[in-house]
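Next comes just one chain, in structure tokens: the form predicted alone.
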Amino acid sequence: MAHPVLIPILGDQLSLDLSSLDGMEPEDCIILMMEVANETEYVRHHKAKIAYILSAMRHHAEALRDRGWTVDYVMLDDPDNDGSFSGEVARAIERHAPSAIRVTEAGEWRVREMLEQWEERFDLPVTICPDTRFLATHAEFEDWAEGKKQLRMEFFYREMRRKTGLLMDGDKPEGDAWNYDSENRKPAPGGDLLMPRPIRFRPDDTTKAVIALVNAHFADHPGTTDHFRFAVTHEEAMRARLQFLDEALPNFGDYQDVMLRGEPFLWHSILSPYINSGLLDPVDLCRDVEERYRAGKVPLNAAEGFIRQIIGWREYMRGIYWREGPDYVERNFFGADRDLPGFYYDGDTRMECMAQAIGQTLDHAYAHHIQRLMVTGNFAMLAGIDPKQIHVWYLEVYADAYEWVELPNVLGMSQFGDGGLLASKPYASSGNYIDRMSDYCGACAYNVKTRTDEDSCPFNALYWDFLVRNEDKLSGNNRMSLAYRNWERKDSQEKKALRDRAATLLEQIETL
């Protein structure tokens, strides 16, 4: 191969039909895959997250080789490893003398800026291909958002439904409604409702070697690899997908907001790490979900609820991320500046909901959307935690967290840090919501039914304190008007007791 085209493939681009490979012949190319310190250490990623990505990368390299591609693979502990994408591309250029570089666009701002420097740095033509694994191009999202003061997911989602034809009846939505979210909020079921169990994949020799590497190199990172269960190949990811479709999807709609002690997975798919890294195609998955609905195997609220998360929220978050720019991370509408409590990293708290959500996160690098939004995220916002700190935590601890999808979800939706660009109101609640949607409160050291006693649920007083602290910013929000009317109805003694209780909680936050 005289002067091949060099095709770098990044750790979240593990798709066999990646745009940078489209139209290329294996005999004319060298694929470069790189495990680099900069990507594993720019935040303290969960040990299981690093192990998942590195193992999936190594297995993907073998899958590409099986299909005839030449893969130059640089391992993390290679003594000559430069530790950065650009440094490893430079070394690969020395080895292979390529005629050009061809790469699929990066998913994050910091990597995009790196890729855009390559042509000048290496004096080679560089083609940056659009990432065709997404439905909406950057231009399409920009056109949709143009002139709008508020960017509501619901209306963007309808455009994606029309574009794909998913759950459409001609030009109308299936069932004459776009959104069945109101049917997807059933509380925790009683009795012995059979609960699906996601497949736990046994680590092979490649994965075992990666786990040993991670435990040696990243001992101070959060989490553990002791419960590693992820699929690391396309074939395994497809098995996980089939298990979800067959066993969990039928009840996913009804119980997607439920939280139960000792049950981290419930009826959720656990497919987001595979979708976001490239092992699964999101639209193909949605078409399978639609097919199950049309065959009468799953109800409409389950199919629509799942499809909305993929072609609605996921695509919408990506659009927000790229439209708002790299300074989006600095937004802090409430001016919150409290440090993230230490129990986010060890789960050592008497608040059962927090202990459950954080504990399973540290064990599995996973928690479902309600645990993230209404437990760990809600507490952080009520307590006035710096939104950038809570953003970093989410980026660190979840296996599916890449900045393009995690940052808007956390800063915009969970923390209302953008002041309402993304969400119509803060997702703030007292302990009542958690009590309604979980069995956590019955096992908690705190009493969810009281507000100002020494053992009262911290969420209760902190909720009212949050409203009062931010009244100047929120009282004009129509969706918050009822909450403020309820506050005004309280007598002065109760108001003082709530504020005093909140002040004590915030002073003692590390020991809650």
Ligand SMILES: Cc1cc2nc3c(=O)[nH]c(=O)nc-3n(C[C@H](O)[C@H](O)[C@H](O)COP(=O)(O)OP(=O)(O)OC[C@H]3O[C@@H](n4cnc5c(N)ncnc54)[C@H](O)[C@@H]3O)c2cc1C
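These figures come from a predicted structure and were not determined experimentally. Residues carry their position along the shown sequence, with the first being 1.
Below, we turn to the form predicted together with the ligand, even though it does not appear here.
With the ligand omitted here, the record of contacts in the predicted complex names 311 to 319 of 311 to 319, 340 to 348, 203 to 211, 163 to 171, defined by a heavy atom within 4.5 Å. Note on contacts: among Ser414, Ser277, Thr361, Thr233, the single residue with a heavy atom within 4.5 Å of the ligand in the predicted complex is Ser414.
When the ligand is considered in the predicted complex, only one residue from Val289, Val410, Leu382, Ala240 comes within 4.5 Å through any heavy atom, namely Val410. Within 4.5 Å of some heavy atom of the ligand in the predicted complex lies at least one heavy atom of Tyr402. The shortest heavy atom separation between Leu373 and the ligand in the predicted complex is within 4.5 Å. When the ligand is considered in the predicted complex, Ile270 lines it closely, a heavy atom lying within 4.5 Å. Proximity of Glu406 to the ligand in the predicted complex falls within the 4.5 Å heavy atom cutoff.
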